[in-house]
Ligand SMILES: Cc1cc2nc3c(=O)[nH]c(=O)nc-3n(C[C@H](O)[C@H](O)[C@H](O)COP(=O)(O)OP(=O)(O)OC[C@H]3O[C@@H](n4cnc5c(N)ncnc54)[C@H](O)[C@@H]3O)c2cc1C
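Starting off, we have a lone chain in the form predicted alone, written out as structure tokens.
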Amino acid sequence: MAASTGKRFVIIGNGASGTYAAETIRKNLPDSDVTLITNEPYPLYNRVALPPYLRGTAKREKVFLRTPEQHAEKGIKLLLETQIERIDVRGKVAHSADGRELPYDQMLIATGGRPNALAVPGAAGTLGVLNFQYFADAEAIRERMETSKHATVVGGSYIAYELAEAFRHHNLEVTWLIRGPRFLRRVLDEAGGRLVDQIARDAGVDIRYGHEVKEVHARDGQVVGVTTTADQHIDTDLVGVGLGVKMNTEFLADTGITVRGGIVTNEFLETAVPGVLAAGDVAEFFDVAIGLHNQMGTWNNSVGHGRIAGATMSGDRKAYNDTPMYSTGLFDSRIRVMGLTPENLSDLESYQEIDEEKRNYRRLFFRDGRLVGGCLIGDIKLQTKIIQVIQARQVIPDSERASILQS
């Protein structure tokens, strides 16, 4: 254990990365001053548990992982409903929207992203048009589903699929509008898209590709329908929006911190500004497993980032070396995405196999002859082997690529 320093640590964002970093710092430096800040009214909750909570298969108490009392017992100052609007990196002070000044010796930015709104006429302020990112969103959707009969889902993202699944679980009629030619169009090829499409249709979802919402229609402030870009009208009393997220980085203007898709860091999660680190969904980190910068919004990635950032900030400098992985349900199936995909880098080579009868799909992604990512639908038992090959960083001849998918 490193020696105590009495240093001041400010952590912006109390998701998995921020919370685990705070706990790691307090464990390593018991005399440190750790302030954990969130603009939400809740301590840490499990975002992975939100889809089953939405379906009604997970209880509220299973969603929340920490209490304010537990933070206090660990010596962590938790500031709820606090918005940081500016960082003075020269003076090392974070400024909140309510006028507080929070001095720091080291800072971690773990602010994640916020969902993109449905920006079409009639959507803003209309009740029943809902995003799905936070616990409050899940609560609002659950309440709305109790009185709804027909839900419309917008977007081709993981969140959109989770919404469609939850709505069907509650026996709502579901129409799903996807702008592109298939779900996860950059990760799946046409065969993979057809498989996911069939899984959803067999569960009763009406999927319409090449469609977006052109206008939302309301009566007495409540959504009653949408018109699509194909000029089709859909009667609906609930619109679930899954149009991706925007990283929360605006408050970093004029700090010298490099922001691209996210906050750019090295393998130690350190930004270009000394004493400032970034972790979790918002971090565009150097991924040593693939030799490139990467960004992936997954729970396991965020937990790992938090622990590594906390160790580095408390004097035990460590590189993050893991393979990001995302997993979610597809009605009666599952999808698991690992490492780098064309969602992150467009010029990857791929190799895929599909068993339509068993509804199994396997796709591998290569760069310069090395395996850098993969996608599994259905049977996911090969995930461990795929991750091991990614981390080995060995060049794999074309003739041997199929062998990776052999059990």
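No experiment lies behind these values; they were computed from the predicted model shown. Quick note: we count residues from 1 along the sequence shown, nothing fancier.
We do not show the form predicted in complex with the ligand, though everything after this point is about it.
Checked against the ligand in the predicted bound form, the candidates 370, 47, 66, 359 yield a single residue with a heavy atom inside 4.5 Å, and that residue is 47.
None of 209, 299, 331, 286 but one reaches within 4.5 angstroms of the ligand in the predicted bound form through a heavy atom, and that residue is 299. Proximity to the ligand in the predicted bound form, taken as heavy atoms within 4.5 Å, picks out 275-283 from the listed stretches 70-78, 164-172, 224-232, 275-283. Looking at residue 343, you'd find every heavy atom of it more than 4.5 angstroms from the ligand in the predicted bound form. Taking the partner from the other structure, the ligand in the predicted bound form has no heavy atom within 4.5 Å of any heavy atom of residue 258. In the predicted bound form, the ligand stays beyond 4.5 Å of every heavy atom belonging to residue 268.
Although the partner is absent from this view, residue 51 contacts the ligand in the predicted bound form, with a non-hydrogen atom inside 4.5 angstroms. Contacts between 88-118 and the ligand, taken as any heavy atom within 4.5 Å in the predicted bound form, involve 110, 111, 112, 113.
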